[in-house]
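In structure tokens, the next block holds one chain alone, the form predicted alone.
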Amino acid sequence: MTSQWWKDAVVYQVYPRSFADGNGDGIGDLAGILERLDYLQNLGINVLWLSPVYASPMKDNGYDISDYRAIAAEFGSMEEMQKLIKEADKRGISILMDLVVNHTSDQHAWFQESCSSRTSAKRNWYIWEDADETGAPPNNLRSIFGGSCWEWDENTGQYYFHSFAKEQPDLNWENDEVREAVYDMIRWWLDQGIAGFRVDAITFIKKPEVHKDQPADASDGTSVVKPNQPGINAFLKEMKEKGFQSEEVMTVAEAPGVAPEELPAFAGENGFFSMLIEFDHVDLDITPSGRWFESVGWTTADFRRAITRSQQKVNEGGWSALYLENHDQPRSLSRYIPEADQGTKTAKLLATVYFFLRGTPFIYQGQEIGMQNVTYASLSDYDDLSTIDQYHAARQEGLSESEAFAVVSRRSRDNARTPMQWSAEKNGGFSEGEPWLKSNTNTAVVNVEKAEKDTDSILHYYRSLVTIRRSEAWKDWLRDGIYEEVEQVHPDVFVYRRVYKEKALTVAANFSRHPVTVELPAPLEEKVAGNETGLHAEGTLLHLTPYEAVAATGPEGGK
């Protein structure tokens, strides 16, 4: 591998619990992933990102880890994990593990020892504080999942800090021993043969001032905990040097709170990570408080501006993970496209828009067949902690039951976690048992088996895009070509170019139900991809049908 091999990669994310069930118990597992490796190979991807499969009580579906060096029994065994690494490698696929080191499970041996007494050798491995003079928590910080960031421990008479669920106590990164233990674990996994890590919630490891209230952003006087606090850079630099160690290790940082202008420092030539997962383009509909019911309207122009801000910083030397979906986000078709217009053509439009940007493309399981948000009947159908907390927060702020339910249904993380739809069979071919989460009701219409038989399907289109990204003819252009936005009068049109060696690859997308004509800096010559037949261009004019997207080459021309 070259030191920056990941710039030419295409990543596929698997949420193991929902991907494929190999033993029929209704829960996806490593055996199921092993059975589907040929499918992933045929898709053309060369990196497989696994959401957590470590030992865990599963309060947050594996993001609460009780043993970093063991596999959860419901997913399989360490032997199966090692087999997966080897079998994937035979198919030219590298494995990324999900690295969760802002917090552990409260069942982790480290925390069990920490909470055993105030004099425990590991007491300072977590963040403990006395109550204030009234017996209340040390400050007004609210966790990401709702409620105070501070949980009272009766045994030792102190509060411990958690940015997420109370079952996920935050590690104390100010402690040298904690950091060394984390780095040792990172090196151990690299020795197992994985290619690197997606690094979860890493910008939360530096905490705000413990004894100081923050400006309230909710009616109850609380303030949501904010990531990317001053001083975090020293921790990230040390983790790179002592943990990851090599530039060949692929590191993908989930980095909420990092502004586009910080991208080169975090993921530039000498940055802390290979690339960042950014949020501006997927958080268009919520306020900084993170409360789903405080939704705001957004337009195609807002989406375009968010993408352009990031891409301009990539031009300056950063690198970005290109994505529309993951396990924490609603389905992209349901997010970006009106319900009546969701289908093959609009799914291909979205794919075209993001696949030719500068960065490393990520595909989330089911995205390649056009999976959509699920419609559940009641809150009891949901498993996601965040969904349940957001519902109750909405009710406390005065929304009716139906209003609160509509809000969380639209944005629930469970929209992305419904079982993968392999066929029209029972449970979409995911499992012979009762799935841990109800399947979507559209499995007969949207599934892999059906998509394979239709050469015009979303799946075949994604396959063609992956082939382009990884081909020798295109990879230099798509890795090094400069991003330029082409401003348009029409508010629902997004046009950009990737300029490379006096040539330009133009991507144009019409996010509206009406035909539009756009003017380009230079004529188009050869179509590369698109969701319509032909290339409808006359000189520097390009005619787009409703929801048409096209990528085509031509001379660089003017700007």
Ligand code: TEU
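Numbering starts at 1 and follows the sequence shown. Just so it is clear, the structure is predicted and the values come from calculations on it, not from any experiment.
What comes next is about the form predicted together with the ligand, which does not appear here.
By the criterion of a heavy atom within 4.5 Å, residue 313 is excluded from the residues contacting the ligand in the predicted bound form. For the chain shown alone, residue 201 is a contact residue for the ligand in the predicted bound form, at least one non-hydrogen atom being within 4.5 angstroms. A residue is said to contact a partner when one of its heavy atoms sits within 4.5 Å of a partner heavy atom; residue 327 meets this definition for the ligand in the predicted bound form. The ligand in the predicted bound form comes within 4.5 Å of a heavy atom belonging to residue 254.
Picking from 342 to 350, 179 to 187, 457 to 465, 160 to 168 the stretch near the ligand in the predicted bound form, with a 4.5 Å limit on heavy atoms, gives 160 to 168.
With the partner omitted from this view, the residue of 207, 358, 417, 469 that lies near the ligand in the predicted bound form is 417 [heavy atom within 4.5 Å]. Site annotation in the predicted bound form: the residue of 379, 265, 301, 144 reaching within 4.5 Å of the ligand with a heavy atom is 144.
Not one of 39, 331 and 450 is positioned with any heavy atom within 4.5 Å of the ligand in the predicted bound form. Contacts between stretch 29 to 49 and the ligand, counted in the predicted bound form as any heavy atom lying within 4.5 Å, involve no residue at all.
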